[in-house]
Ligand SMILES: Cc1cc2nc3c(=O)[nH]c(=O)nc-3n(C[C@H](O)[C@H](O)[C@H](O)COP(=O)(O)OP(=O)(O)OC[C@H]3O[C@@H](n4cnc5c(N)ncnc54)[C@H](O)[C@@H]3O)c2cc1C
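Form predicted on its own, single chain, as structure tokens, below.
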Amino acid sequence: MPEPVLVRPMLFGSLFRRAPAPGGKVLVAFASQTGAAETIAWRTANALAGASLVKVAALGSLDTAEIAEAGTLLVVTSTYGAGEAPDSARAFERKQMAQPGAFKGLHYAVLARGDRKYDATFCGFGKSLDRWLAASKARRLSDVICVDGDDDTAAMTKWCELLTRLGATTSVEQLMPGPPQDWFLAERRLLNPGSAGGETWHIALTPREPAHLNWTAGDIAEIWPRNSEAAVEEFLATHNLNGELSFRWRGYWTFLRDIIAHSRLPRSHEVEGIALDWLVERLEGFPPREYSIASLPQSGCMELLVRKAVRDDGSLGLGSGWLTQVAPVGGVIKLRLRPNPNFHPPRDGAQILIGAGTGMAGLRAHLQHRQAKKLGDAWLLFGERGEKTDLYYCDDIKGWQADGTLTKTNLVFSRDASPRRYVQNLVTEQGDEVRRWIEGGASILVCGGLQMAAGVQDALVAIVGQEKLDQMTQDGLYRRDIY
């Protein structure tokens, strides 16, 4: 029997791939904001390639006729913001999902990714998509499967079981992203002493394995925050636990010491009299924290720009507190690299880079990429609180201006002006020039917080219109890394 045909990313948008075993057509569609849903979609397609005729496509690139053509539709989607569609599927939601389609005879299932802490909108777009497909007379293969973050083994087991029923040969481990890597905290430095805003820190990390210096501008670092070594050792000693025992946790085998390190420490009454297996199963693991990478691998380290979050009660944010205060310099940082193709460099050509605050991290990596390729015609629009304290990477900006990487730079500082102005105001004020750059083929990158990104989007819609912005999104010329 010939080897199964593997569906790989270079076949994106290709015709249905022929497989050695007979099977119906399977369309695997994805709607991804930071690349995780897209990765699962390709792994899903690879698992099915030996049993079916498989096509993979971005959901936003499909019309209802293409969906109806498939015998089976499997959708892997994330949810962005307050239950909204990812950028690449926003036009699809507005146009295709405005009314039911005609999908009688189509079988489907939806794997929806989200964050359960946003309970009211958890997996909101995935659930909306599931309801729309059902209203379009398609038949569910399964209730919508909601995945809470990257390490929801229970939900991914359900997806794996569904794929097995469709003829796939796979495992939960093959579908999930795998364990984090060991990196070392090489440097930590406060960048904005005296700022009217929160503290912002430069963080530099080096890998245990040099081969892990491998990412693309726009990719994301998932940091696994943890309890201090002292707290872990005290907990193990208090409850007479052997930290060298191994348990299956988050999809792979892990020492008890590491499980305790990356979980909320239970109170004594939650531990007493409980079997160890049950205790491990009940532990509430800390969710990873995502950070835009502010450097390229050629620098020999990974650089992050981290705002230290302080809660109302004075306690520190989980991830930012670990990186900026608790983790010892020289200590191990658990980190997982996440490819983020939706924010990778677009094609060469003129580019407008827009961001605010720590969003400068993602823009910096892209400007380093352009500098390395000797690409000019870049325009930076950036906003922060105060020019004297919060102009991060000032020397880099001067260097990019000097060597021609940046041909135009506009900065705005909200606390230095009255009334306050923000980067979205800057975009509006520069509207005629923005339109000329876009009409000349410029791409746009936006990096930073949700509120800023929404304001920038409204400004761009006012300048060029929703249809143009939708088309730029589909063409990969309008890309966002927002949080």
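So that there is no doubt, residue numbering starts at 1 and follows the sequence shown. From a predicted model like this one, the values you see are computed outputs, not experimental measurements.
Another form, the form predicted in complex with the named molecule, is not on view; read the next lines as being about it.
request  = Using a 4.5 Å heavy atom cut-off, indicate which stretch of 246-254, 131-139, 395-403, 309-317 touches the named molecule in the predicted complex.
outcome  = After filtering at 4.5 Å, what remains is 309-317.
- Query: Within 4.5 Å of the named molecule in the predicted complex, heavy atoms considered, which of 352, 335, 220, 106?
  - Reply: Flagged contact: 220.
- Task: Go through 158, 239, 188, 289 and name the one with a heavy atom inside 4.5 Å of the named molecule in the predicted complex.
- Result: Of 158, 239, 188, 289, the residue with a heavy atom within 4.5 Å of the named molecule in the predicted complex is 289.
- Within a 4.5 Å heavy atom cut-off, is residue 361 in contact with the named molecule in the predicted complex? Close contact exists here: in the predicted complex, residue 361 approaches the named molecule to within 4.5 Å, heavy atoms only.
**Message:** Please determine whether residue 34 contacts the named molecule in the predicted complex, using a 4.5 Å cut-off between heavy atoms.
**Reply:** Contact check for residue 34: yes, within 4.5 Å of the named molecule in the predicted complex.
**Q.** Contact of residue 100 with the named molecule in the predicted complex (heavy atom, 4.5 Å)
**A.** Close contact is absent here: in the predicted complex, residue 100 is far from the named molecule, nothing within 4.5 Å, heavy atoms only.
Item to complete: Using the partner position in the predicted complex, report whether residue 297 sits within 4.5 Å of the named molecule, counting heavy atoms only.
Response: Residue 297: no contact with the named molecule in the predicted complex.
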